[in-house]
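We've got the same protein chain twice here, in two forms, each standing alone as structure tokens: structure 1 and structure 2.
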Structure 1
Amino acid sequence: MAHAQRPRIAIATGDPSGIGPEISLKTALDADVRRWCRPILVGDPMAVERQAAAAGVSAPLRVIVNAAEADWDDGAINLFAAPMPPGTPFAFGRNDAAFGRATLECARRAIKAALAGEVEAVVAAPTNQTSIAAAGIAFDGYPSFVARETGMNHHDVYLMLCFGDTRIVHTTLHVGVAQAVALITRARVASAIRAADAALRRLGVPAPKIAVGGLNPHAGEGGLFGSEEGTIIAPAIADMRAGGIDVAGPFGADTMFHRKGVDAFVVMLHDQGHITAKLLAENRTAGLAIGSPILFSSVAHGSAFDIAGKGEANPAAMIEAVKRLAGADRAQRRD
């Protein structure tokens, strides 16, 4: 692929004290990743330097403040500086409010770069919830964070879990079941379908096929077990079909995932999608935050404090997430 066409992807290095910086470095150096995109790390220069040394990464770091300074031809790793306050002590595998703040600071810097057109997509390394909570920050995962940082209602950015050829979009996510029921509106279901279609097209699926699951048992069984399918979900599907989107449903969520030829399943509840994903995926799940103006993905594993700084962390999930955003999975299948 011609150099200038390869997308620039910002990799927010996540919790500075976990495995995030290490897998980000390994990802940026991966030959396949460099073939498909132009990576730029985002993080605290001192922490990334320490992580590189501990992991035996010898490539030099080029610390930059804007994308124009980046270069992918000299073997150096480009790093957008998102520095921690001067004098912040570094340690591997430690909970610290400063690290919690730094985690979200580098995600914020990466999102800004995407909004400014400096990068085409963002991949974020794992967070540590304890450190973020210690910083006094309310954080329930990247989708709502992306929503806030891009000026959207935090319920209107949706999590799309991706593994293999399966993608599952969650209309509601980190809310109790009672609140989820209240959030299921015709507009929001339509918006989740539209976001799924747009994200699939950005990922290189030319004519996305979408299946939508019900909220109630057996998708309401014709109104016997609940009315939302008839009054909310089916009308939202009809709206989107009228808008030219190839979408069908609502189907009973317990049997829907066996349908063939579906590019994305849209579910109503966190557990409807997550139970399925965690049974079918083998740890290489990427979580895309869709419906915002930017393309944003995280990886589904944690910051693994127990192996931080040991050079043992496996970057496979992040490499897959980066390649997915760069369109490598689709292109390879066409070859």
Structure 2
Amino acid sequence: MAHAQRPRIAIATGDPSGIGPEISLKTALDADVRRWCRPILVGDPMAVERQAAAAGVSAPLRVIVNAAEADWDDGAINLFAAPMPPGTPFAFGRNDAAFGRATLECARRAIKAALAGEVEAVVAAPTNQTSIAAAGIAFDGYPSFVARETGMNHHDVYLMLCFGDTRIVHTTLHVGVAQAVALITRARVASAIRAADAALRRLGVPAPKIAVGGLNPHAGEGGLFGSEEGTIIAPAIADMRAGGIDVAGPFGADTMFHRKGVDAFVVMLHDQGHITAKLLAENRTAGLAIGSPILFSSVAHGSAFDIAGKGEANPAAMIEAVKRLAGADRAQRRD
């Protein structure tokens, strides 16, 4: 792909004390990543430099103010600075309120770059919920954070888990099961289906096929095990089908994933999607926040404090996330 045609992708480095900066550095230097996009890291320069030294990364760091200052021809790593307050002590593998604030500041700076057109997409490294909570910040995952930062209702941005050719969209996410059931309305299910269709088209799938799972065992078994499929989910599917979306269901959530020729599966509850993804693609799953004005993805593994600073972190999930947004997966399937 020609240099000027490669998308610019911001990589928010996540919790500075975890493996986020390390896998971000490794991803930005990956030859295949550079073939498909122009990466720009977003993070605290001091923390990134400490992580680079610990991981044995010798590429120079270029701190930039805007995308026009970036250069990908000299082997340097471009970095949008999102600095922590001067004098913030740094340590590997430690919970700290300062690190929680820094995590979200990286993501915020990357989102602003995407909204301003400085980058075409954002990929975020892992957060650490304990550090964010210590900072007194309400945070229940990147999708709702992206919603707030882009001026949307936090219930209108959905999580799409991606691995290989499989994509799973969650109608509800980080809420208790009782609250999740209350959130499952005809309008919300329809909104999740609509967001899935739009995201797939934006990712280059010209005619998406979507399958929707049920809430109850066996998708309610015709009303024997619950009524939500008949009163909420099936009507929402019918609404979207009438609007031109190729969607079918509801199917039993325990068997739906065996269906072939499906571009995305829509599930009702967090665990219906996450258990499937983590069993089938351990440490290779990326999350895509869909329904917002920007393309935003994140890796689905944690900040791994136990190996932070040891140079052992595997960047495979982040590399896959970056390449997916850059279009490499679609090009390789065409080949």
Partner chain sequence: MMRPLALTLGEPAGIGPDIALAAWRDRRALALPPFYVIADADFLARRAAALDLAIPISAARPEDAAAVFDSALPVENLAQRATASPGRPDMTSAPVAIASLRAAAAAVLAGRACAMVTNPVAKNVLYRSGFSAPGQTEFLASLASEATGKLCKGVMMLWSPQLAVVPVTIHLPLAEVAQRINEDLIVETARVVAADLRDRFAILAPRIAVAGLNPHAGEGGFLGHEDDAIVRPAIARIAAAGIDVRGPLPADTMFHPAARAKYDVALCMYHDQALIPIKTLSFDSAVNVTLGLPFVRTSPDHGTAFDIAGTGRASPASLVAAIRLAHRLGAGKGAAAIAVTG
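By rigid core we mean the largest C-alpha set that fits within 1.5 Å across both forms. Start at 1 and count along the sequence of structure 1; that gives the residue numbers used here. These numbers were taken from a predicted model, which means no experiment stands behind them.
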Just one question: which structure is the form predicted together with its partner chain? 1
After core superposition, I'd like to know whether P83 moves between the two structures (criterion: C-alpha shift of 2 angstroms or more). no
Q179: Cα shift of 2 Å or greater between the two structures (core-aligned): yes
Large Cα shift (2 Å or above) at G244 between the two structures, core-fitted: yes
So, with the core fitted, how far does G230 move at its Cα between the two structures, in angstrom? 4.2
